[in-house]
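The data below hold one chain only, encoded as structure tokens and taken in the form predicted alone.
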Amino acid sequence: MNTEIKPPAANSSSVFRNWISFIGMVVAIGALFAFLLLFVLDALAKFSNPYVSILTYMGVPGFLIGGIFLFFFGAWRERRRRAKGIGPMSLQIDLNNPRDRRTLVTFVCGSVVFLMLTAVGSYNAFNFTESVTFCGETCHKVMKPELTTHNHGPHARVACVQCHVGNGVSWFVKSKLSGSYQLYAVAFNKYPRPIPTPISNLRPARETCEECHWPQSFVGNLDRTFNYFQSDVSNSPYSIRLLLKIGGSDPTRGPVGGIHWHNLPGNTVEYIATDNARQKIPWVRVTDASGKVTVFKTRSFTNDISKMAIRTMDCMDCHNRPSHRYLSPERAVNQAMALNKIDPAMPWIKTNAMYVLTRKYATDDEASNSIASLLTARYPDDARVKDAIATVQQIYSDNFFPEMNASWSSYPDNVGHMIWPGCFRCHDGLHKTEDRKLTIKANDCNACHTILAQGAGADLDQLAPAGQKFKHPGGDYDGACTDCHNGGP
């Protein structure tokens, strides 16, 4: 019994009658199938992903073109064979011939498996490009700092695309363009070190953050205790217990006001920043619920605002590190000592830990080895140094990335005002109205929080519900925290 496999061409002498063209046709069909599958998945996905689109419209078409190339290459090769007097390639399959049967079964099974793998692979590739692992590791080795801090942050279970892309056609297109350039930058080593922030084309926070964080639900106060250790031989503890006035915007749920006054419905706060990091803000315009407009500015600001970008304040102006937080050495060491991961009884341990963390290292390995050798040299006969070394090394690997020049010093954190100006970018007492009669409230600790207790030991048990004046360890100081505190030694 003879069975002839008909190639794509109807003419039995067609140059497309060869195995190479036949394989090319199968590859092209598989690629077309993968394209259609990815196209449907991308269209039905809740969040649009630029990398899925790159895979769909750039990756898969590459295989389609490859299959078409094989299809025509087989025809070209067959034409050359015939020009040399070699007869047409036979595609006859004799099912009575064991060799021909094996060839046919192998080809058919291989084609079916190829199409199945194409479907499964395309689906898994779609899911993988939606994952944090893909964004942080596969295409973005450059994103190691962002991936590490994301995994240790409060949004570790939120996928990158949910904040960086979100819903909607316009931002879908913008993310495609941005993602394509990022791939080019990574491929040709054109990316900056560190990655600059804030991201100028990031989607407005109210279209992403407020998918989960409903402003009307911000109600009441939060009780927080911040533990510190002083840089002296005994690492003297000092804690501050605060009542943070989170406030709210729904009068049916509680008092309206507090820290979130800036984002109350009806209130609009606009500002001009004169630096890319938005740390220098000389001009502020406030429009309240009644429509009253008040402009505050520093005395030295005389620029023509018509030529400057005016930004409307949103969540990201204070919560500018919602997922990628780099702990400063001071904060990280304080936290580790409060949790007894570093024994506070070790003399000068806070000072020494911060010293080894803030030295300049070229690589992670160099940092790890130097931290171990330096602390061992400082505490040669202290068994507690082993745990201290492991903790300090972990702090470094979680918050310092020498290859990308990324650390706490690269990225201002605007929540609070300890080591970065934060609130005091505007609330510094220097922003006044044109007639200098009104000033943005400044230097009022009770405006945003109430100090319930401070100090160490029994002092923390003496609560003052009405609040108390801040007592600076070592003596009174009326200046800004940032005058002395920079996160390091």
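The numbering used is simple: start at 1 and walk along the sequence shown. Since the model is a prediction, treat every value here as computed from it, not as a measurement.
As for the form predicted together with heme C, it is not shown, yet the points below apply to it.
Q: So which of 316, 337, 75, 375 reaches within 4.5 angstroms of heme C in the predicted complex, heavy atom to heavy atom?
A: Of the listed residues, the single hit is 316.
Q: Just one of 249, 235, 352, 414 has a heavy atom within 4.5 angstroms of heme C in the predicted complex, so which one?
A: Looking at the other structure, the residue within range turns out to be 414.
Q: Applying a 4.5 Å heavy atom distance criterion, does residue 198 contact heme C in the predicted complex?
A: Yes.
Q: Does any part of residue 465 reach within 4.5 Å of heme C in the predicted complex? Heavy atoms only, please.
A: Close contact is absent here: in the predicted complex, residue 465 is far from heme C, nothing within 4.5 Å, heavy atoms only.
Q: Report yes if any heavy atom of residue 470 sits within 4.5 Å of a heavy atom of heme C in the predicted complex; otherwise report no.
A: Output for residue 470 is yes: heavy atoms within 4.5 Å of heme C.
Q: Can you check whether residue 426 is within 4.5 Å of heme C in the predicted complex, heavy atom basis?
A: Although heme C is absent here, residue 426 would touch it in the predicted complex, with heavy atoms inside 4.5 Å.
Q: Among 387-395, 218-226, 363-371, 101-109, mark the stretch whose residues have heavy atoms within 4.5 Å of heme C in the predicted complex.
A: Looking at the partner contacts, the answer comes out as 218-226.
Q: Which of the residues spanning 316-353 lie within 4.5 Å of heme C in the predicted complex, based on heavy atoms?
A: Heavy-atom contacts within 4.5 Å come from 316, 318, 319, 320, 321, 322, 323, 324, 326, 330, 331.
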